[in-house]
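The chain below stands alone and is given in structure tokens; this is the form predicted on its own.
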């Protein structure tokens, strides 16, 4: 793989919709980018032709997106509690199957590496495993005391990771379907007694390419939760030991939340800051503690994904734009 130069990243595509966007994901083939909206719609763009297709199968906002490993099926999750399966590349996709997955919001979806299971989490504090063959419930995994925000399979496919509002990260053994251990990302959580507000939590997860590190994005220093006053941050864990290695944050006082995080195969890690400080991509080395490059976006960002070619990022923006940002190949001497 050619090494990219994130210090020279620039806007590549600017794709528009008429509602704010809250999630985004490239399909595994890299042909499409999908976005969830502050409506009942999922939007798909063909990256080559810029053709937009609007898919309706939810009753409200769509926060969760995932794909089967072969890219043939797209999965979406909404605040209506539904998990919907779609044919990814059909000209006019219609739902293949709709599952009432959670009471309240579906916050995130992950698909197992063998393509047999879909895993979902939501505000009802339970992780659930579903058979992709027939849509049946395979297992419930209770263990969280707060709404669960994120979910991911590890690189071996042996474990599932779930993370919640309180910064509790649970590793599940898929063979036994039992809890294996817990990680403490409580630095990303705040409780304001005066406002009586739980605030923060793990907003996104990403494993390093070699599977040795786990990054959790969110916020710290939430001095006024209802006023959205906080700073974006990343907690990096050593996967083998389960211990925290480092907290990464911006050099400047950038008000916002770390809505998205992606480890790059080259080793650096990218965080999306979105909030009062605006939309910003921050690039870190895992040893940190601060970014080596900052890229200011034209509007606040709500979600981040890395293209399968590892050269482009997608950002879902509040202004209804899905923008992709491309890094050139790093010049060699």
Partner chain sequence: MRCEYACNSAEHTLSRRRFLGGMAAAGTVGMAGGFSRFLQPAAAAAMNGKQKHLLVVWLAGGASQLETWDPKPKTITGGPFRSIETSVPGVRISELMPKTARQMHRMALVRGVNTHEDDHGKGQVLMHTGRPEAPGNPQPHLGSLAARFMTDESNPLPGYIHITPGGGGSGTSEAAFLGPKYNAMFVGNGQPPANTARSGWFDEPGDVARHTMRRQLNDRFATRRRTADTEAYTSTYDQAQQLMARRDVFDVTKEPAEVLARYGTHDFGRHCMLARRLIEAGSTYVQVSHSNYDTHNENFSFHLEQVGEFDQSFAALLDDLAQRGLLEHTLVVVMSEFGRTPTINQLYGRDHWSKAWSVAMAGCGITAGNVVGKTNEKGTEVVDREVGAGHLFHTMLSAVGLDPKAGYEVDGRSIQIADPAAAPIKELLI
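Numbering follows the first chain given and starts at 1. These numbers come from a predicted model, not from an experiment.
What comes next is about the form predicted together with the partner chain, which does not appear here.
Residue heavy atoms within 4.5 Å of the partner chain in the model of the complex occur in exactly one stretch of 188-196, 172-180, 235-243, 87-95, and that stretch is 188-196. Residue contact with the partner chain in the model of the complex: residue 61 places a heavy atom within 4.5 Å of it.
A residue is said to contact a partner when one of its heavy atoms sits within 4.5 Å of a partner heavy atom; residue 143 fails this definition for the partner chain in the model of the complex, lying far away.
The closest heavy atom approach of residue 46 to the partner chain in the model of the complex falls outside 4.5 Å. The shortest heavy atom separation between residue 264 and the partner chain in the model of the complex exceeds 4.5 Å. No residue in the set 269, 312 and 326 has a non-hydrogen atom no more than 4.5 Å from the partner chain in the model of the complex. Shown without its partner, this chain lists 257, 215, 74, 151 as candidates; in the model of the complex, only 257 has a non-hydrogen atom within 4.5 angstroms of the partner chain. Only one of the listed residues (101, 79, 250, 205) places a non-hydrogen atom within 4.5 angstroms of the partner chain in the model of the complex, and that residue is 79. Contacts to the partner chain in the model of the complex (heavy atom within 4.5 Å) from stretch 290-304: 300, 302.
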